Structure formats: C-alpha cells, structure tokens
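In structure tokens, one chain follows: the form predicted alone.
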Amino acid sequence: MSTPSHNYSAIVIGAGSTGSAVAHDLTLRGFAVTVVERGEIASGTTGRNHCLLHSGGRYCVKDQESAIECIEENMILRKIMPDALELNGGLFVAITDSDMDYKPLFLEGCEACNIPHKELTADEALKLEPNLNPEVKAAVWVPDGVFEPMRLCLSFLATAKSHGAVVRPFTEVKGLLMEGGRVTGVHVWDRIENKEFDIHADVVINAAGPWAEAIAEMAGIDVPVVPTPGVMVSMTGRHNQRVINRLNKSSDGDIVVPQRETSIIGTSSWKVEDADYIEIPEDHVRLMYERGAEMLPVLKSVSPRGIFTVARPLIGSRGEAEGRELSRTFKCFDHADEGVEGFVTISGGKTTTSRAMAETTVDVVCKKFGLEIPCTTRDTVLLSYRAFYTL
C-alpha cells in the first residue's frame, strides 16, 4: 500500500485502544509516528473493562448518538480485526414485568439506530443459554461480541509498526515541550532504563483516557474529562456463551460478559478526582453479585476470580450530569482554539468506537497542516496481534 508523501511527525500519548487506533490511522496517512505509554500496552482503561464489543443496544433508548456509533463501528471491526474478536452475539433478557414494559422502547430504539435484532421467546432464550434465570419472560438477540483488550491494541499497533511507527511502552510523559504558544514534543521518563529525554514532533495527540486532563494541564489547558469508574467482578468459569444484558434502562450490574473461561459482571458508576487511586466500594461489589445472579442464578454458587475497577474517560462538565447521565460519545479538541498550537486531545467514547475516534482525530490533525488525505481504516484489514512482536 502506498502512503502519502510528506514530512510531518506526530507523538501519540497513550497506547490503549484510542491511542493505538490513532497511531494506525496516522501512519496510513503518511505521518512519522511515535507512541508513548507509561505502562504496558492496554494497561489503563482498555485493559480493565468488561471487554464488550457493543452493538449499541445498551444506549439505543437514551443515548442514540452513542448507539449509532457503536453499531457502525461494530460492523467495521468485524471486517478489519478478525484475530481479536469473539462474535458470539448478545441477549437482552426480560426477567420482570418492568423489563417487559421496557421491551417496546428497546425495540423502537434498535429500529431507530439500525441495530440488527431478533425477538426470542423464553423457551428460545433458555435453549440458547440454559443457565438463564428460568423465570425469564422474553429476550432480544443483538450482535454484541467480545474483544480481547491486549490483542485489539496490538492489532492496531502491529499495523502501525509495519508503516514505520515506533512504540515505546513504559515511557511516561513528564512534561510537554513548549515554544511560545506551540507544543513541540514531550519530555519523557523511560521507566525501564530510568532515563529522561525529549522527543520532538510537529503535533502531539493526547489519547491518555481518564489521564487526558492531567496531560492537558501541562499545556495550561482544561479539558472536561470526568473520570467515572465502575466495579466489575470476574467470576470463575464461563457460564454464558453470549453477552447477557438486562432488558431495561442501563443500571448497575446489568450485564454479564463471557471472556475466555470467566464471566464478568458489570458495572457500577460514580465519579472520582484521581483515576490512579480508586477505592472499590464493598456495596458495589455486593450489588454485582446480586444483580448478576438475577440473570444467571448459577453465579450464586460461583467464586469470584477477581474484583477490579477502572475509570472511564467521559466527556462532561463538573457540577453537571454525572455517571450514567453522561453521554458515551466522544469528542476531539483542537487546542489551537484555546491558543495552544500543535496539540490535540481525544477522549470519551468506547473501545468499540476507537477506530472512529481515531478517524475524527486524524481528520483534525490533517486539517491543521492543510492536508487532504482520506481515511482508509474502514477497509484496511489489520495485521494479527502476533505481528507486533515480529516487526
């Protein structure tokens, strides 16, 4: 594949799903790219979520913008990332009369957002998932799936490396290099070699997730990222083959995601000030057990394998809506609008929408340099995650 000929360079801060996808898109459009990540690849939010490849069903009633983004990107990822996904589908299950009352709204939302769906009887649902609550009243199938976080990021990064990208894990940004009102690079600490040094570039993209606010502050910029954690409980054993969602408005403990040989119950939602220091509330953990068992009673007799949390990087303003009231869509900030050139932040969104987030971000970057280079990531099949280690 030929790439555009120009001499621009870019630094991407963060090697989660968003930063990895941004690096991939930048290299396809001809940029020389360096990715810096303070930990291991996918060691932040991407590596500690419930691994759901969203169909958009969870948002199709109340947040249709996010739902449409999810189903569109779900279908694209199926084409371009065959090695990192399990396309097992999902069920939204009705257990109570309240769930049944919600069902018409859900079906209308699926139609409005173009989410493929199929209504199932209770018997049909139990035939597909025998461990479902026998009191299940109905279910709706949607094209949910599961991703493996590390493999997802490595697939983007392997393809980026094949086009010349340099990926530096365990390299923490300690400051932004500034010349006048322009960001010209980053000052980093190599945590393996215990060395500090500068990396220069024409543009720096801040894709640090819930840590994006701290990075932006290094340039005197305030970005409205609200770290919003959620508790998840990984249960021993795979007790459902498909993603099981509660057929009702989004709430705590309303999903069980099969991930390899575990079943992950998720999730709660609250705000924190520091994404690095999150205490896990015991009542949230208990609620995961209770709500998960309402859908899959077998979970009552299963021991947990792990309890974890991570902050979502949601877009919002302090003092306004919080938690589940914040949209799951994303936003790209060109900080030239605030008087700082050479610096762009991308935040919000979902792992499912990382490719779209990257497309939007790189469109902004190209515009800054007067470049008209089309995005080709919708159709570029990614290399296997395994290639990351051989390139």
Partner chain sequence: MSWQITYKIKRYHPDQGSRVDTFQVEIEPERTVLDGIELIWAKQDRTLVFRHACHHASCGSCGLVVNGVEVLPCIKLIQDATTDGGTLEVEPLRNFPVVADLVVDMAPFFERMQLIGMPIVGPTGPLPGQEPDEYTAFENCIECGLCLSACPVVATDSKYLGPAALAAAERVIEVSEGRLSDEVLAAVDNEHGLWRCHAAFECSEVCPSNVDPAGRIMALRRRMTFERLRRLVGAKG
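Numbering follows the first chain given and starts at 1. These numbers come from a predicted model, not from an experiment.
Below, we refer to the form predicted together with the partner chain, which is not included among the displayed structures.
- Partner contacts here mean any heavy atom within 4.5 Å of the partner chain in the model of the complex, and among 69-77, 92-100, 175-183, 145-153 they occur only in 145-153.
- Think of it this way: in the model of the complex, the partner chain has a heavy atom of just one of 162, 241, 250, 269 within 4.5 Å, and the residue is 241.
- Note on contacts: among 302, 85, 221, 107, the single residue with a heavy atom within 4.5 Å of the partner chain in the model of the complex is 85.
- Interface residue remark: residue 28 is not counted as part of the site for the partner chain in the model of the complex, having no heavy atom within 4.5 Å.
- Proximity of residue 192 to the partner chain in the model of the complex falls within the 4.5 Å heavy atom cutoff.
- Shown alone here, residue 228 lies farther than 4.5 Å from the partner chain in the model of the complex, counting heavy atoms only.
- Although the partner is absent here, residue 47 is a contact residue: one of its heavy atoms lies within 4.5 angstroms of the partner chain in the model of the complex.
- Heavy atoms of every residue among 128, 141 and 278 are located within 4.5 Å of the partner chain in the model of the complex.
- Residues of 257-272 that come within 4.5 Å of the partner chain in the model of the complex, judged by any heavy atom, are 259, 260, 261, 262, 264 in sequence order.
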